[in-house]
Structure formats: structure tokens, C-alpha cells
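Heads up, the chain below is alone and in the form predicted alone; it's given as C-alpha cells.
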């Protein structure tokens, strides 16, 4: 079969991919912008496309499988795919994202780098036994996680290991024991009871701006909001105002509202000046991007291709 990797994101998964396949297949690459006749022909001849975007601006496909190398599929118009073309996503990023969240939260309690710099200058401010330098503990806080999917479950495990109280909000009933559980309609109630609120939800019509002024107003003034789901699940303007006016204490934001594109390679991540705020930790959608994530996703994609070649049902089907 012809396997075509489409775009820079998908290209990351190409090295050594062939060794995961049970049969020999032709593997090709086309860039994000498919313009040349050669690239158009390669793309349209694909039996399997690995990519993160499919819309009316791209050549029509006749593929058997559209395989995303990511969990989010909001940039793929599933209705435009051929009727007999299966579609699937992958996960494998949840362990990395959970580590990112715990690191970001721990950094608010354990000033390792500040203490290191001070001691190099013979400043013993954090020395145990002195009245200075007392710090807080992450384990004393309550975390509220929105979304009991792959990411939410991994964050919950690590939070419990630190001794934190864990609350969970989810659309459907949760079958795991936490300190408290809520439906998404009761999100404001959970927000009022936690020290940290973490969004793990994907973007969909039902989740866009789900976390808004009502939710931020319910949070404690010292509360911390963390976004490792999709940016637009948190209302852009409402989040900025809540931070600017100190209605909430801080935010850790990894998923944004604007991303690099062919027209703008280095955009601001929002139309609003989040970078001017002193109570925001900003990172460039990096929380799940590790060597482990790449390896796990490669294996999941290869498994689906192998299943397709054997005539078996694919995993994580989206159609």
C-alpha cells in the first residue's frame, strides 16, 4: 500500500517507521502546502494518509485510511473523507503531559533554581532552621481535573501520589474513586472547591468556551488554572480578564488560540497580550511532545496499518 505522510507534524513520525510494519509498503512525504503536480499525484494515490489536516483546500482523496498522528482531530473534516475511508487518532501523550503538569505545579512550591542561584552567591535564604525561606507543599492542595480521558486519568494518578485531594469533572459518570466527582454542568461548583483547575478536554462544539467567566469567577482568588486540553475550551477574553484583574491567582497555559502557519511562522499565541501578565506561565504547546510520545504513537499508527493489511478492524476509529 501507498503510505503518505502529510506535513511537518506527520514527518516527525517517519524515521524508522517502516520497521514497525509487518509488510513492505511504499512510504512517501508531501509538504503541508500541496501545490506541485507531483505532490498532488502522490497525495491522491495514497492508500493511507498520515496527517493532521484535511479540508476543502486539499486534493480529494481515495484513501482507505486517514490516520492522525495526534489525539485532536478538529482540523480534519471527517465528512469530506471518502465514504469507505476509515479514520483514526492516537494517544500516547498522556504520560508526558501529566509530567509537565506536575512539574509546572511543583515549580510553584519548590524554588530549586532560585535557591541554587542564591547559594552560588553565598545567600542561605532557604536554609532549613531559619525563619526565612519556608515554602508550601503541593500535597496540601486540591486539584480539580476537567475530563476523565487519557490525560485526566494520568494527572489524577500523579496528583494522588503526591497526597493531593483529587476532584474530577466529566460528561459521563466516572467509574474511579476520587475525593469528589462532578458533571460538566456542575463545573462552577468544583471550581469553587479546588486550588488548581486543570482542563484536559478536546475542542468540540460542546466544549468551546466551556470554561468562561462564570467558572473563573467561582474559583478562589489564589486559584491556578492549567490548560493542557485545547486552548479554545477556555474563553480567550474571559481568561485574560480573570488574570489581568487578579480574579484568579495564576495560569499555566500550554495550548493556545493562534499557532504558526504558512502565512505567519512566529505569531503571538493570542490576540490578547498574555505575555504582559506577571501571573502566567506560557509554553508553546510542548507538554506532550517527548521521545516517548513519538515512539508510542508510531507503534499505534503502525498497528492500525498492520490491522488494515490483515483485514482487521482498526483501533481508535473516528467514523
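Positions refer to the first chain, counted from 1. What you see is a predicted model, and the numbers here were worked out from it, not measured in a lab.
The form predicted together with a further copy of the same chain is left out here; the points below concern that form.
Although a further copy of the same chain is omitted here, in the predicted complex none of 28, 149 and 173 has a heavy atom within 4.5 Å of it.
Note on the partner interface in the predicted complex: the residue among 206, 134, 83, 221 having a heavy atom within 4.5 angstroms of a further copy of the same chain is 134. Contact annotation: a further copy of the same chain lies within 4.5 Å of heavy atoms from the stretch 122-130 in the predicted complex, the single such stretch among 122-130, 213-221, 185-193, 234-242.
Within this chain, residue 9 lines the site of a further copy of the same chain in the predicted complex, having a heavy atom no more than 4.5 Å away. Among heavy atoms of residue 281, some come within 4.5 Å of a further copy of the same chain in the predicted complex.
Although the partner is absent here, residue 274 is a contact residue: one of its heavy atoms lies within 4.5 angstroms of a further copy of the same chain in the predicted complex.
A residue is said to contact a partner when one of its heavy atoms sits within 4.5 Å of a partner heavy atom; residue 296 meets this definition for a further copy of the same chain in the predicted complex. Taking a further copy of the same chain as it sits in the predicted complex, the stretch 174-195 never comes within 4.5 angstroms of it through any non-hydrogen atom.
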